[in-house]
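Just one chain is shown here, as C-alpha cells, and it is the form predicted alone.
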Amino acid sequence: MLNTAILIVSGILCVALILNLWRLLRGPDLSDRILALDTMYINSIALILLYGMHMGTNLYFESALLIAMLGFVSTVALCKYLLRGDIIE
C-alpha cells in the first residue's frame, strides 16, 4: 500500500516539476522565474525523500537536506541580486 502511494505521489511530483520547468522557461518576469526555480528545489527535495522512503535508506534524507540548504542560499542570492543589482555588500 505504501509503495503504491509513493509511486502515485512521485508521478504527481514529476508533473509538477514539468510545469515548474515550463514556468521557468516562459515566465513573464524574472521574479516568476526565481519563484519557479525555488519551487523546483522543493519538488526535487520531495522526490528525493520519496525515493529514500522507497529504498529504505537514510542517505537520501541527508542529500535532501543538503539540497534544501543550497536552494535557500541560492534563492536569497538571486533575490538580493534582483533587488540591488549586487550580491556582495
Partner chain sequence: MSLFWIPLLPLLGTLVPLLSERFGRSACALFTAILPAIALAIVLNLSLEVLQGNTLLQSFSWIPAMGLDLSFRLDGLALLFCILILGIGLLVILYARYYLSQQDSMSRFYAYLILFMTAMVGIVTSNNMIQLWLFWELTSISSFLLISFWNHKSDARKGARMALTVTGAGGLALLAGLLLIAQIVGSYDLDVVLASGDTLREHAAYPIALVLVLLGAFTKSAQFPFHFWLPHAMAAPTPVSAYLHSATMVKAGIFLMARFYPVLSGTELWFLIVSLTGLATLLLGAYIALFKHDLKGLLAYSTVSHLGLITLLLGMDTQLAAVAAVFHIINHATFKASLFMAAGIIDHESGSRDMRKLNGLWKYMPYTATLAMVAAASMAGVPLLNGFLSKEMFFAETLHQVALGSLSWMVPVLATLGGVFSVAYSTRFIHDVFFNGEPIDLPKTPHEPPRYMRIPVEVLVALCLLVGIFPGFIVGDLLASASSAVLAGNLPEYSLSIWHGFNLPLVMSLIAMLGGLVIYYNRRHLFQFQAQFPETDAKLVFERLIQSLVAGATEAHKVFENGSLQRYMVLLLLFALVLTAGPLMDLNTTAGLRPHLPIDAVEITAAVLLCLSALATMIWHRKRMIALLTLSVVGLIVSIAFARFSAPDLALTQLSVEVVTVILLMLALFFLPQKTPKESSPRRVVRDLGIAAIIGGIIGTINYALMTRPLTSISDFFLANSKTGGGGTNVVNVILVDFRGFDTLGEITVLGIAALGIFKLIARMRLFMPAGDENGRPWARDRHPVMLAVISQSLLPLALLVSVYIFLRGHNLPGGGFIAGLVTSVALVQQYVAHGVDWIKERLKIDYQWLIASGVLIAALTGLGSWVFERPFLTSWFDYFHLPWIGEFELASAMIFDLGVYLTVVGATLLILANLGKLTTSHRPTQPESE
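Just so it is clear, the model here is predicted, and its values are computed rather than measured. Numbering follows the first chain given and starts at 1.
Keep in mind the form predicted in complex with its partner chain is missing from the figure; the text below concerns it.
Taking the partner from the other structure, its partner chain in the predicted complex has a heavy atom within 4.5 Å of a heavy atom of L37. Contact annotation for I88: at least one heavy atom lies within 4.5 Å of its partner chain in the predicted complex. A residue is said to contact a partner when one of its heavy atoms sits within 4.5 Å of a partner heavy atom; L47 meets this definition for its partner chain in the predicted complex.
Under a 4.5 angstroms non-hydrogen atom cutoff, its partner chain in the predicted complex lacks A5 among its neighbouring residues. Taking a 4.5 Å heavy atom cutoff to its partner chain in the predicted complex, the contacting residues in 62-81 are E62, S63, L65, L66, I67, M69, L70, F72, V73, S74, V76, A77, L78, K80, Y81.
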